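Only one chain comes next, encoded as structure tokens, the form predicted alone.
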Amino acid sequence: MSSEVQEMSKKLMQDYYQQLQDAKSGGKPTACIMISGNCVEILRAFDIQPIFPEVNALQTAIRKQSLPLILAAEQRGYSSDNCAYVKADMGMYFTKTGNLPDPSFVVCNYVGCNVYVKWFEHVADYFHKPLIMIDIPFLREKVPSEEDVKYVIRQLESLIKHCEDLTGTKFDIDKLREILKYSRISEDGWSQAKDLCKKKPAPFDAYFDAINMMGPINVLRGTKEAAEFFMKSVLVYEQLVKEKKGPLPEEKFRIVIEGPPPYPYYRSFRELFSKWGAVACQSTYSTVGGIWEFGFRHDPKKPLESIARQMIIENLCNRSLLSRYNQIESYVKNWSADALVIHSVKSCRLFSAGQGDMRDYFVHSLDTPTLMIESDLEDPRYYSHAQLKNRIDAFFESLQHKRLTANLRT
């Protein structure tokens, strides 16, 4: 990743956590909310500071602090095979770790994961705060029905009423429209940056580097700062394309990656691929908060309707497995990938279910070289560096051999 973009992203996330501290010290209203398919713009319209439990759990893993929190949750009765995100987050509360503000209320939107519903119920119960549950219909067709959209809009109107009662502030539709303008600019920038990865070499790694960009697009979406970040980032990446510079000295293999990374071993996991000159030109995990590169944008002219549609359509977990197949197939073809890598997460059954069939489909039906490996996104007990290294090395050795023999034939 460009050092300039990385520093901008780091600064934005530092500012975000400072805002959490300011909210805590100033007694400002806050709300826990999900990443995937959320309605954070409505909270921003009331100046309610969003808290993202997923991001907080992720941060503990990157800092290699997640295991004691996971064990604390398991000692309270959480299952060993329960989502490690849940256990790390709840473990923070049980051990009084961190210095985050308590939420004023909790917003949970069902997006295909029953575990998330129970997680946010537990958060609300722990803090003795109201829980706002938004039921999101599963995306059964390519587009949602008008009945489904209206169903979600009615729930958003109830959320708005709750925010009015909490803050004593009347809902301002024009303020929401202004926030959605910033969301739209960020979504445009995200899509333009991802599109530049069709170039060879890709200007950044659309998995490992895109994860750093997920902070601005997911946590800070709807802010002027996020919009400016993406406008500047696109300019940086366009210049890298002109200079034919990528994240590695030489891009030897282009891969698409499915599944989140093992955050406790993020750097060493990345090195297992970079040593082979492998750069991710696309990834599914980077779209968990919104699949913006396929054209969806928030519409300030239809604020509640566009938020409702985004909650139904634009998240990875509310789609069928076949939709994920189509998404990955588009990435492999349109981003000119040499292979697909599936990282299956042990503690996330929603994301990992069906990935064995996914591997078979891409290998046998689409003739796409596919590697499937397993560890966990949060729990370090399920990471075996030696085993992963052996699997990854063998896979790229076979790709290299296949390429050499193809060159000899020509």
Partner chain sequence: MAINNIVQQVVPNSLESMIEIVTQPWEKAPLLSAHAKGKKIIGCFPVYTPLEIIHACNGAALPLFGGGNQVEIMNADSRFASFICSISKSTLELQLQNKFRNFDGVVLSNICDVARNLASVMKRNSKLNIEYLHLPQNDNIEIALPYYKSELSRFLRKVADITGCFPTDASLSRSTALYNKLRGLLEDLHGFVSNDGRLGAFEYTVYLRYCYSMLPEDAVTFLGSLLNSMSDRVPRNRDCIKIIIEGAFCEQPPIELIRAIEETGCWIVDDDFAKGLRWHVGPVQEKGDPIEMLARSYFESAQPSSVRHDFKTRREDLLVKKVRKYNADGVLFFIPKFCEPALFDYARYKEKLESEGIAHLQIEYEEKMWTFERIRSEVETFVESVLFW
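Positions refer to the first chain, counted from 1. Small disclaimer: the values here were computed from a predicted structure and weren't measured.
A second form of this protein, the form predicted together with its partner chain, is not displayed here; the remarks below concern that form.
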query	finding
Contact of T370 with its partner chain in the predicted bound form (heavy atom, 4.5 Å)	no
Exercise: G356 in contact with its partner chain in the predicted bound form, heavy atom 4.5 Å	yes
4.5 angstroms heavy atom contact with its partner chain in the predicted bound form for I179	no
Contact label in the predicted bound form: G295 to its partner chain, heavy atom within 4.5 Å	no
Heavy atom within 4.5 Å of its partner chain in the predicted bound form - residue from G98, P300, P137, P247	P137
Option touching its partner chain, based on a heavy atom within 4.5 Å in the predicted bound form, out of Y93, Y151, Y266, F253	Y151
Candidate stretches 229 to 237, 78 to 86, 165 to 173, 272 to 280, one within 4.5 Å of its partner chain in the predicted bound form by heavy atom	78 to 86
Neighbours of its partner chain in the predicted bound form among 117 to 142 [non-hydrogen atom within 4.5 angstroms]	V117, K118, E121, H122, D125, L131, M133, D135, I136, P137, F138, R140, E141
